[in-house]
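The chain below stands alone and is given as structure tokens, in the form predicted on its own.
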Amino acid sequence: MAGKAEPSGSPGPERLDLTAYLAAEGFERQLIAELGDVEAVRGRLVLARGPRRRACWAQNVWLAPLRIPVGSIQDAARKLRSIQRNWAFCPVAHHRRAALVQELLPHVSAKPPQFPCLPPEAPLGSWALLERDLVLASPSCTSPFPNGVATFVEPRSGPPNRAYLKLWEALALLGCWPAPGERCLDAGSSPGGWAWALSRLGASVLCVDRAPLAPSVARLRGIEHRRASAFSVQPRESEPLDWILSDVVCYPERLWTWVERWLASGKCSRFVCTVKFQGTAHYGAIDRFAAVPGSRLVHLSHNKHELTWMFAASSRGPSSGSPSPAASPRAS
């Protein structure tokens, strides 16, 4: 009975033949449609039978869900601690009771790291209280961040907007970022949030947009601005590039046509592109981006009605002249 100690010999964790998907906030409908058949929906948590499926609209995927009967708040915390140390709490139901359980678990540091950095390396599980006496937990998840939410130390001044957070998150997940002197193309760069972030890494950035850059960004070292259509730089007329980056507002099909040319040319092997949607009419483009071998199409925690496509043909860390990558702190 809830509130009392669990009797000796009561059921322990049970591995379930399902996967749990945490929808990006506000995009539960898109995730359910993407998954197809689902077993249950509990808030943003969507349960589906079988192994992991493609789930671009999921902010985190619980890979090994366990059904854990619990007899009390203390019992829930004890059983979670017996599985592993680090757990992220996912609010679903019985919020006050669940918060009391989380208070009894080891503290997971939420201190934002300074970019450039790699994601935390220590395993981070996710758990939710589905009923007063029932925990759903997965010791392994796809995101190294609590509930898929990446946070960083943000500068008090400098960037013209907060769009750079998407780029930081994508590069951290890729595990590599532009090194000093590397040549980057920033398509649709105005007002310059991504260019600002790239300049801080020491990269050389060609910004292409009909709109102007913020004056503070245009003055930065390594920034060149070309007033033209975002996709006017074509591989047949360009020297090889180290990175192609795009946060331009356009139809996904147009972005794909341009990206496909660059992929076919072999003149660039690292991409970070935001795929933006208006309604659901252009969701078919998701299949094209997702089909590129070795690439990732995800909803970042800093995305809105958009996905981020990332591709690094030969993933590597920064060059020796760049700051050494450091994993974010996990626990204090």
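Numbering starts at 1 and follows the sequence shown. Quantities reported herein were computed from a predicted structural model and do not represent experimental measurements.
Missing here is the form predicted in complex with a small molecule; even so, the following discussion is about that form.
- The chain is drawn here without the small molecule; in the predicted complex, the stretch among 100 to 108, 86 to 94, 205 to 213, 73 to 81 whose residues come within 4.5 Å of it by any heavy atom is 205 to 213.
- Although the partner is absent from this view, P178 stays clear of the small molecule in the predicted complex, with no non-hydrogen atom inside 4.5 angstroms.
- Taking the partner from the other structure, the small molecule in the predicted complex has no heavy atom within 4.5 Å of any heavy atom of L134.
- Proximity of A230 to the small molecule in the predicted complex falls within the 4.5 Å heavy atom cutoff.
- The small molecule in the predicted complex is approached by G193, whose closest heavy atom lies within 4.5 angstroms of it.
- When the small molecule is considered in the predicted complex, only one residue from P113, G188, P235, G222 comes within 4.5 Å through any heavy atom, namely G188.
- Checked against the small molecule in the predicted complex, the candidates K276, H282, R44, H302 yield a single residue with a heavy atom inside 4.5 Å, and that residue is K276.
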